[in-house]
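Quick setup: one chain, the form predicted alone, written in structure tokens, and binding and motion questions come after.
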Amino acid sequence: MTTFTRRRTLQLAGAGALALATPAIAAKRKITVGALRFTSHSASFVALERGYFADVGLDVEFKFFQAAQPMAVAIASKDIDYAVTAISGGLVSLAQKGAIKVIGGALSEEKGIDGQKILASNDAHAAGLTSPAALDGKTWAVTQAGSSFHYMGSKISAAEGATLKYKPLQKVGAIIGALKSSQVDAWSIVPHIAKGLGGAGAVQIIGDVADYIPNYQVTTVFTSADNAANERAATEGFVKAFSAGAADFNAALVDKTAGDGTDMVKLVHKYVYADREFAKAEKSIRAGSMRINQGAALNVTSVEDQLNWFKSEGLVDGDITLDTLLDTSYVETA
């Protein structure tokens, strides 16, 4: 686990389903939170369902997306107020324009916790793509150029001395369809999707992202630059509630110190695989339970590596600094 060294100004009063003492805002403020229907976004779902957002004076409505980059655009246009997703080239470019700030961390790769998987289509696997070492010349699915899928593919292929052909497909659902039908050869994705596809025989799991990108800060908490600078009470409240949700999720499904986790799985099921019967969704939700950073702590070292990669690929301007992208005043950092 990453050790965080910079103390937050406002610490949670403990882990788990704690009472959030003094609301950050005197009266309820309505906000819209961007999310994907992924297990990795569960901290926000828990914070809403267990009243942690309400405790800090926030009346939350979710707006769901199918990729990271449109979420960044929605923050910049103020269609949503806060969001959790991976860093993309589009997000970095919007930060350079003064529209966005990353204020915390969410999902992380952690040694000992089963994380994101590298997948191969059945046809590619049958033709020899049985490990990442065989990726040379293969097609790799991404939502958009400069997405986290692009970053992961590049880091993995560089480690293996391989050259990939990237295929942008805009949405996760479209990528899944393309991989199942062997229109693309490979992809990487969070475990609740990867294991479900692999277990059904629709694709083959050939490796782990953590072996190539240790301590990867997969997703971050971000908001508009205006919220970060001028709406401190609301932003502190959001981080506090999100952190409480993360603590509950980790205790139930990652550390497994809060009973058998069934109540948590039922809560998450309202948002993830909601179109499936609970019995069918439960296994995938449990399998997708990666660590969400305690206190929304941010691994700046990982973010810096991502930023440097965007620069090296010419996906963002070379003069963008970490200070342009980050506001580290809300959480612990490393």
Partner chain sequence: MSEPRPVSFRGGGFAPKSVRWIGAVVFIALIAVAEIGTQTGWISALTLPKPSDVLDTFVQLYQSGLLWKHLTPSLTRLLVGALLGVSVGISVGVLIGLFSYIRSGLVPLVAAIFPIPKIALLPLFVIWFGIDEGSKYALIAFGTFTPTVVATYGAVDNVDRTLIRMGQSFGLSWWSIVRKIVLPGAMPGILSGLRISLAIAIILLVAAEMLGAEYGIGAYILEAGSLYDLERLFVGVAILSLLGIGVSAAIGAIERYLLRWRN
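Residue numbers count along the first chain shown, from 1. Basically, rigid core = biggest C-alpha set you can superpose within 1.5 Å across the two forms. None of these values were measured; they are calculated from a predicted model.
Although it is not shown, the form predicted in complex with its partner chain is what the next lines describe.
Contact annotation for the candidate site: G90, S93 and Y166 all lie close to its partner chain in the predicted bound form (heavy atom within 4.5 Å).
Heavy atoms within 4.5 Å of its partner chain in the predicted bound form belong, among the stretches 171 to 179, 110 to 118, 211 to 219, 129 to 137, to residues of 171 to 179. Contact annotation for G146: at least one heavy atom lies within 4.5 Å of its partner chain in the predicted bound form. Using a 4.5 Å cutoff between non-hydrogen atoms, A124 does not count as a contact of its partner chain in the predicted bound form. Taking the partner from elsewhere, R232 is found to have every heavy atom lying beyond 4.5 Å of its partner chain in the predicted bound form. Although the partner is absent here, K256 is not a contact residue: none of its heavy atoms lies within 4.5 angstroms of its partner chain in the predicted bound form. Put simply, of S289, Q69, N299, Q306 only one has a heavy atom within 4.5 Å of its partner chain in the predicted bound form, and it is Q69. With the partner omitted here, the residue from V73, I205, A251, A228 that has a non-hydrogen atom within 4.5 angstroms of its partner chain in the predicted bound form is V73. Contacts between 184 to 205 and its partner chain, taken as any heavy atom within 4.5 Å in the predicted bound form, involve only V184.
In the core-superposed comparison between this form and the one not shown, the C-alpha atom of A68 has shifted by at least 2 angstroms.
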